[in-house]
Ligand SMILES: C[S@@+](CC[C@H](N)C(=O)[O-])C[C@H]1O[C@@H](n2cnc3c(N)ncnc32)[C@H](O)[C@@H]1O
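Before any questions on binding or motion, here is one chain by itself as structure tokens, the form predicted alone.
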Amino acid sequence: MRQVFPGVFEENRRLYTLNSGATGDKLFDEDLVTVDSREYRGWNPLRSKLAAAIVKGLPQLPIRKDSKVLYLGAAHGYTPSFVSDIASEGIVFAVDFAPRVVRDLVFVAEKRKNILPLLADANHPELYCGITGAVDVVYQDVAQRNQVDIFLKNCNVLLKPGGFGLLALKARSVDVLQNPQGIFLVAKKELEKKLTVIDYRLLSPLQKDHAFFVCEKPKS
């Protein structure tokens, strides 16, 4: 296995994370591969915007082994489970507003003790800031029209100075008629008013009409 980032590996042009759960235990019917007595989980970029961004050449991944991560739009927990592998000694606060998917998240959290599911609306970080406290990373994959506003609000309230925000932006959720490239450029300008945009890249064809932003919050 070749290490791409700390906690992320590549073999035969496929991504993997080191399995932090029980040996042989699959969460999403992913491939399990054992190399030198260590078990790795196959990470599909067609199911994960973060994996797609890595495949598309993401220059840095600011999630560390001990990172405290706020994950907005956790859904059923596919990508959060891989983030929990990367931040194996940290914690992932997995937020979603849909009770149905949070029930699924609870089952994932039973096998990943560093995932804490939260049933909450990402539009209102003040409702869960008392639980999470300040975090090292805000990751957002929320398919709502005001995606950028939600992201900036959470970064403002909960992201530590010098911390990083990762945004997977879905153009069609902002405006189904407008050109996605135009939407992404407008979003970039909005982000730059509050954060430093370190990287911006398109995720097509792995994730259609999506862009991925890596941002840093000023230290002062």
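The first residue of the sequence shown is number 1, and the count goes up from there. In this text the structure is predicted, and so the values were computed from the model without any measurement.
FYI, the form predicted in complex with the ligand isn't displayed, but the following is about it.
Of the listed positions (87, 137, 122, 115), a single one reaches within 4.5 angstroms of the ligand by any non-hydrogen atom in the predicted bound form, namely 122.
Contact with the ligand, judged by heavy atoms within 4.5 Å in the predicted bound form, is confined among 45 to 53, 59 to 67, 184 to 192, 30 to 38 to 45 to 53. Remark: residue 101 counts among the residues lining the ligand in the predicted bound form, judged by a heavy atom distance of 4.5 Å or less. Not displayed here, the ligand is approached by residue 75 to within 4.5 Å at the level of heavy atoms in the predicted bound form. Although the partner is absent here, residue 150 is a contact residue: one of its heavy atoms lies within 4.5 angstroms of the ligand in the predicted bound form.
Shown here without its partner, the chain carries 79, 96 and 144, all of which come within 4.5 Å of the ligand in the predicted bound form through at least one heavy atom.
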